[in-house]
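Given next, in structure tokens, is a single chain: the form predicted alone.
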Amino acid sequence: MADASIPTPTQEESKVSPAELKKRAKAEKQARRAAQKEQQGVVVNGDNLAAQATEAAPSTPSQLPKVDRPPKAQQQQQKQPKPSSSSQPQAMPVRQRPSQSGAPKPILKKDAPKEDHKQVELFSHLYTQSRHHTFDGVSKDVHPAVLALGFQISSYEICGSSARCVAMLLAFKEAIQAYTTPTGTSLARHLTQHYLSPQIDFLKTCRPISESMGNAIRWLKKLIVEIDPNTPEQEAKDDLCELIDAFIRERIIVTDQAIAASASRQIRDGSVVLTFAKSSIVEKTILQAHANGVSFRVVVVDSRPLFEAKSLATSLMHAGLEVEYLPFSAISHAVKQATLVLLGAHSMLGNGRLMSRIGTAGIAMQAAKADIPVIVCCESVKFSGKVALDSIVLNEVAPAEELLLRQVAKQSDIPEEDGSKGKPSDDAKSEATKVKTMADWKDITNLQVLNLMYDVTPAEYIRMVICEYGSLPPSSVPVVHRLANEGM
């Protein structure tokens, strides 16, 4: 009968409340999930189970067995879940792991040894292709004058934003004079895209272009596009060369003279001028003040790896000035005796911050803390519309090898008292092979060397910016930039 086929719940099951049943079902579900997580890589053979279920199922409704329906009360009892006799889930047919079947375990990507990168991840966006020092991979369209300039910039023979800009424009003059317009096109269309662009791309591979170089390049491209197609080729090239000379004369040479004349009036008798690294316009300012008969002395602070201030101190001493040369570690001593700080600039950013040789921000901060005026001498061609709050986004990473100190003389090269060169013993040789120096930094695990070129000085540390338009606060830099660079 139908009543005999329906299982009746026991007395213990009838006492279990629905909440306890739900809690027990939840525990069973968590146990099944834990078992699945332990069996990573295991795949359930669901396809076989589905096939078996399909074969076992009847094909037509007539084949279904007829079962008498129980009363409504008994149906409700059937819908209630029954507590399981054990908390363990029912085992499912699964495939064996490779380790259980004896097959070799595959090497996962996370188990593979990590490659020791020598690039600092925070500055990974600044690591461009290595600097060009040879002719390998150089385009055939690069002019020899631009090629020589690129190697000089890469080796710091030409250093400084203004010097690099002037040298670039002079090299472009030679390249333009050697240019010949192909038949079927015009100079205005072909010169920029197909001839000038390879020259610029090569210079970028030697060193990232400075802000003054970028402004000069944009000015030159605009000049080329505006050339009348009916103008003869040689006449157009001569006009371009004359305009380049005028740009160098008006935007850099005459500008430097005006800035030096204005900034030199800030130096008075008895002043102690503090400067950092080397800036050509700061050098002209100091020499102009000395030529005006002002009696003062100069404190020059320098730092590795370029030691640019050595040449500045030498030129000032030859001019008859009293100069004190200090390392960067002595900036606290230098600031104590200074009455004025003169700084050069790589670029003046749109938010009034100064981007200059790394270490400048430290000196400006020390001077501002001691209430010493910090004056920046900068041409408007170096003004930028870019904004930076730190030294991470906009910067240049130089080769790390430049920071390494020169190797000390080897023990075998040091002469002994009798004049013969000492030879290290076997124990010393074995010990020397074990000890690694900074010269072996590429072989030392987890060691990275970072050589940044510039830092960013906050505007609140700067008292005044002197350009060819006069003396202005850092907040007026974007106004002068729009006036001087965006309209040209």
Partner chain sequence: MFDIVGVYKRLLTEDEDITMPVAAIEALILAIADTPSSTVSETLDLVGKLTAELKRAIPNSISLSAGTDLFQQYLISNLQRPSSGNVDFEQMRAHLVGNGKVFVERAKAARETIAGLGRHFVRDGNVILTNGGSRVVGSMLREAAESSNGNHRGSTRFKVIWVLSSNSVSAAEDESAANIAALRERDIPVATIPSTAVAYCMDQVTQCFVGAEGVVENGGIVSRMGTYQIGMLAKAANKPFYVVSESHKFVRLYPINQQDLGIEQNVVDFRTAKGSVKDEDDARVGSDEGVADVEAQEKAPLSTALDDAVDYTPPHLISGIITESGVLLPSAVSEELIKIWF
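Positions refer to the first chain, counted from 1. This is a predicted model, so every value here is computed, not measured.
The following text describes the form predicted together with its partner chain, which does not appear among the structures shown.
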> With the cut-off set at 4.5 Å between non-hydrogen atoms, does residue 288 touch its partner chain in the predicted bound form?
Replying inline: no
> Can you check whether residue 385 is within 4.5 Å of its partner chain in the predicted bound form, heavy atom basis?
Replying inline: no
>> Quick check on residue 375: any heavy atom within 4.5 Å of its partner chain in the predicted bound form?
In response: yes
>> Contact with its partner chain in the predicted bound form for residue 266, defined as at least one heavy atom pair within 4.5 Å: yes or no?
In response: yes
> Which residues within 449-472 place at least one heavy atom within 4.5 Å of its partner chain in the predicted bound form?
Replying inline: 463, 464, 469, 470, 471, 472
